[in-house]
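First, one chain by itself: the form predicted on its own, in structure tokens.
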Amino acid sequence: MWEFESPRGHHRKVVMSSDKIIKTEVLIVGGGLVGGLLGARLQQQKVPFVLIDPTSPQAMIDAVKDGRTTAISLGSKRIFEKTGIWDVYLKDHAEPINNIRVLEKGSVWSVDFDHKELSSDPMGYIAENMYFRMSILDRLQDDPHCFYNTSLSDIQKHDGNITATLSNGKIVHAKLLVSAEGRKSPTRALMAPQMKTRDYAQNALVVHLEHEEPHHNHAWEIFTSKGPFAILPLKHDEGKKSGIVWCKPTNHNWEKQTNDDLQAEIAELFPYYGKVKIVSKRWHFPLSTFELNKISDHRQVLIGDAAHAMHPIAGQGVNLGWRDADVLATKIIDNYKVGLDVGSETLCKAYERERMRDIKPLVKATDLITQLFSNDSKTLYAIRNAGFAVVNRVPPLKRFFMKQAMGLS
């Protein structure tokens, strides 16, 4: 087991079988933000499961290795609340987003979203990834069948179950395999899905800033011809800290820029917070998208980035994955409570049908927005500005986009 301070001070334990051979309902491969949430939901309802991940818990909560932030929609926050893990760490470390302004560099038009137009709740929250992981690990750390530093050595599908051999020597017999290892999911290959991909030829920079003026819980997205720039409010005593996600073409070398040069470029593009100072390590990663023709197969389903990937332009990627986990958990729990097979074809296909209605439109819309805004076309520039003006002046249309962003559609 691993240790870190737990504000709850207690944990549930689920004991399912003997030391080497484990008979369970669900095998979750990948214990990150999405697979971990699924495990927490199943544990909450006492559904037997095994979760494995090749990473150590200490590495998962290492802010130096991954200091990225995640935008959590209001809908996703409610999933964390009903799972009972929002109050563990996220309540104190997630910063509310009350307003979002979207504009294009050089344009007089913008779209302004104010949470008060829909409800008193914030539109969403921003938190560093480590706090999501700490909240999930706090729930799972004492479960005897959550195995970290552990990978699959072999896996076989049978008519009535799946059999997995783990690197720690244990053998798992489960009724359902859930692939949650991310974009490069090895177990996805068992399904042999058709994949449609697009490389955006962009790299995204992630870095944290402190600035002179408070952010007032505003998030901004500025479109430039090279790629979008987003600045997102982070928790800070005076409201003077933000995270940025800045996308540029792959031929731009982020590593060659000094902090002074980067700070000057940020202040030029975004002068609204005064002087800025980089206060974190810099992370950057390539951007691409993919769609699959199926996300279920015989006794197997895909969730999170194993099932879909998209550009961060709309901040919806992991929220889509959390909805995967929530929908799947509900179906598994319902079947388990009445003694039905949680890995049946009926369950897997029902999960796929319901999720594809959410996944396909969002992935396609995000891809279209990315292509629409990442170019120098004067014609498209005029169309984009006309779109900003229309959305801002048509309340029903504006509320539609707000509900999409808040995960309430």
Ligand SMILES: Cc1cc2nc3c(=O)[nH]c(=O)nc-3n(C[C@H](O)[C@H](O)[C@H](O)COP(=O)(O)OP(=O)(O)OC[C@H]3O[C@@H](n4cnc5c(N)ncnc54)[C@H](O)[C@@H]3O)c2cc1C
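This is a predicted model, so every value here is computed, not measured. Residue indices: 1-based, along the sequence shown.
Heads up, the form predicted in complex with this ligand isn't pictured, but that's what we're talking about next.
Residues of just one listed stretch (78 to 86, 333 to 341, 316 to 324, 116 to 124) have heavy atoms within 4.5 Å of this ligand in the predicted bound form: 316 to 324. Contact with this ligand in the predicted bound form, defined as a heavy atom within 4.5 Å, is made by none of Val26, Gln58 and Val301. Of the listed positions (Ala204, Leu137, Ile100, Val207), a single one reaches within 4.5 angstroms of this ligand by any non-hydrogen atom in the predicted bound form, namely Ala204.
Taking non-hydrogen atoms only, Pro193 never approaches this ligand to within 4.5 angstroms in the predicted bound form.
Within 4.5 Å of any heavy atom of this ligand in the predicted bound form lies no heavy atom of Thr370. The closest non-hydrogen atom of Phe285 lies within 4.5 Å of this ligand in the predicted bound form. This ligand is not shown here, and in the predicted bound form it never comes within 4.5 Å of any heavy atom of Gln43. Residues of 52 to 80 lying near this ligand in the predicted bound form, listed in sequence order, are Ile52, Asp53, Pro54, Thr55, Met60, Arg68, Thr69, Thr70, Ala71, the criterion being any heavy atom within 4.5 Å.
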